[in-house]
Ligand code: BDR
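This document starts with one chain, in the form predicted alone, laid out as structure tokens.
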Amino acid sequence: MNTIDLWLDTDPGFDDWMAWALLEADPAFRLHGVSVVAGNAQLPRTLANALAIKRLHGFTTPVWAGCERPLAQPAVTAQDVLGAAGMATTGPRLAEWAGGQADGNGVRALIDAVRAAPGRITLLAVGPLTNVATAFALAPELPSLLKSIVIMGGSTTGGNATAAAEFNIHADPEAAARVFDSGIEVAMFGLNVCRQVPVSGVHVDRLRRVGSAKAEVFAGYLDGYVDIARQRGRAAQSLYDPTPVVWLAAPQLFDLQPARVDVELAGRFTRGMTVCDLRAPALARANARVAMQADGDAVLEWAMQRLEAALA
């Protein structure tokens, strides 16, 4: 089995937690570090969530504190949807595992890790791209040293933070623009494809049946995540951050298309929009591969089997 060397940049958030758990659960992945960024909540909260997740699971991967504000605009969070803690639960609270300290500066740690393993590390970014863009500015050679970069962010259609913009891009459009313009091809998993992977109470029940204390905590937060959809009259919630994790291990479950992706920075109603020109290569010069289709049932089954085993 070929090992996939990874760095995770994240803003936990439950779906970030699930993505991280899958990376730790599957032996195909070697996770070199986790850098935390402000996004779903302010940095002290996303960092506290990450450290509690680490303690709950007994993960040994270093966790690093990254940027606390966007490059150019005032900070925005998703706490109006996710709650003050950045995630909600119907079971035991993650705060019971609070504690620990970050291992240092996340941007510097990312730069050092990539320099130490040129051509090997895939950067998986599932939050706003502030840490990544800052690292690229401090170390302009970094894009050429990465094996690849994969993001959860953007959309080929509409947004969720605004009518036009997906949250991770909306939270720091200048950072996203810098990453798409960096010269490295970006694999983009946006709202359009993640909405093809719906998670529901059926999956909550499966994890509760695992029966362990960790499974009970995790299932409660998954239920809180699904409850966002229930409050809006839907039975299932889209699974965002774990979707590119599954693609890394099982690319046959997805279809990606070359595209030119630009980030709108000036539009009154469209700031943060990912403008995806899917006419590449004939009429546009591609800088990305954009996920268009997913076998949603198979993606979820891949994830559930690994979570059930890891939480047992």
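Don't overthink the numbering: it's just position in the shown sequence, from 1. Quick caveat: nothing in here was measured; it's all calculated off a predicted structure.
There is another form of the same protein, the form predicted together with ligand BDR; it is not shown, and what comes next is about it.
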> At the 4.5 Å heavy atom threshold, is N168 in contact with ligand BDR in the predicted bound form?
Replying inline: yes
>> At 4.5 Å between heavy atoms, is I121 in contact with ligand BDR in the predicted bound form?
In response: no
> Counting only non-hydrogen atoms and a 4.5 angstroms cut-off, does L191 reach ligand BDR in the predicted bound form?
Replying inline: yes
>> Just checking whether S35 would be counted as a contact of ligand BDR in the predicted bound form - the rule being heavy atoms within 4.5 angstroms.
In response: no
> With ligand BDR left out of view, which of N40, T243, N49, T274 would have a heavy atom within 4.5 Å of it in the predicted bound form?
Replying inline: N40
> in the predicted bound form, which of the listed residues (A229, L82, L145, I184) lies with a heavy atom within 4.5 Å of ligand BDR?
Replying inline: L82
> What stretch, of 87-95, 160-168, 112-120, 203-211, brings heavy atoms to within 4.5 Å of ligand BDR in the predicted bound form?
Replying inline: 160-168
> Within 276-312, which residues have a heavy atom closer than or equal to 4.5 Å from ligand BDR in the predicted bound form?
Replying inline: none
